[in-house]
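Only one chain comes next, encoded as structure tokens, the form predicted alone.
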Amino acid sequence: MHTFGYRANALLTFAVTALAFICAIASFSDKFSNQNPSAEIQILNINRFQKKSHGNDEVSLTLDIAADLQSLFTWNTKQVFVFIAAEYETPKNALNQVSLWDAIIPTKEHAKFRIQTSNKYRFIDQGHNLRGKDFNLTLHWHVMPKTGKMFADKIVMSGYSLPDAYR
């Protein structure tokens, strides 16, 4: 007859194959979820806008962030990483992105929020290109599933500008 090792190998192979199949179905089921997150970001105050001694512009902002990311959560979502980036153009670069704030949202209950905060990371341009500059604030998110492929998306909000003079 068959030995214990042969039977254990057959059982383990079957279990791993079944688990892989279940994980694939779980990951595929996320494709059918209706995701419609929304966000609004307002600049409440420009706290500081100055040229540093080494020639770079630095900006400190107070932001009002309101977001509803609950639709990103399904039964397969482990957490959502979200961050806000300022995006603008300069003569040297077609696209500059500076991360201003980030957070990890662990559950659906925490996915609808409104906070007022100053930028967590410094908004610095390598040069003196920020005076009078128009820029976008973009809310990026990365959905980290329990099983399957991680995916990302964003909402771009335009119409922001910095003053023409330092403060």
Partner chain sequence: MGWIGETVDSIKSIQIRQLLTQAISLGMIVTSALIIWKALMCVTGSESPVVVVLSGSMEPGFKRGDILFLHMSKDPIRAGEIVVFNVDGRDIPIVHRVIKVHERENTGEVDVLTKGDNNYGDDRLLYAEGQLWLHRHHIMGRAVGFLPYVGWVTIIMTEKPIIKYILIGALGLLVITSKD
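Residue numbers count along the first chain shown, from 1. Note that the coordinates shown come from a computational prediction; the quantities given were computed from them, not determined experimentally.
A second form of this protein, the form predicted together with its partner chain, is not displayed here; the remarks below concern that form.
**Q** Between the options 118, 50, 99, 33, which residue brings a heavy atom to within 4.5 Å of its partner chain in the predicted bound form?
**A** In short, 99.
**Q** Taking a heavy atom within 4.5 Å as contact, would all three of 23, 83 and 95 count as contacting its partner chain in the predicted bound form?
**A** All of them do, each having a heavy atom within 4.5 Å of the partner.
**Q** Is there a heavy atom of residue 60 lying 4.5 Å or less from a heavy atom of its partner chain in the predicted bound form?
**A** Close contact is absent here: in the predicted bound form, residue 60 is far from its partner chain, nothing within 4.5 Å, heavy atoms only.
**Q** Examine residue 107 and determine whether its closest non-hydrogen atom to its partner chain in the predicted bound form is within 4.5 angstroms.
**A** No - in the predicted bound form, heavy atoms of residue 107 and its partner chain never come within 4.5 Å of each other.
**Q** Contact with its partner chain in the predicted bound form for residue 4, defined as at least one heavy atom pair within 4.5 Å: yes or no?
**A** Residue 4: no, not in contact with its partner chain in the predicted bound form.
**Q** Given that the partner is absent here, does residue 74 sit within 4.5 Å of its partner chain in the predicted bound form, heavy atoms only?
**A** Residue 74: no contact with its partner chain in the predicted bound form.
**Q** Tell me the stretch among 107 to 115, 35 to 43, 64 to 72, 138 to 146 that has any heavy atom within 4.5 angstroms of its partner chain in the predicted bound form.
**A** One stretch meets the cut-off, namely 138 to 146.
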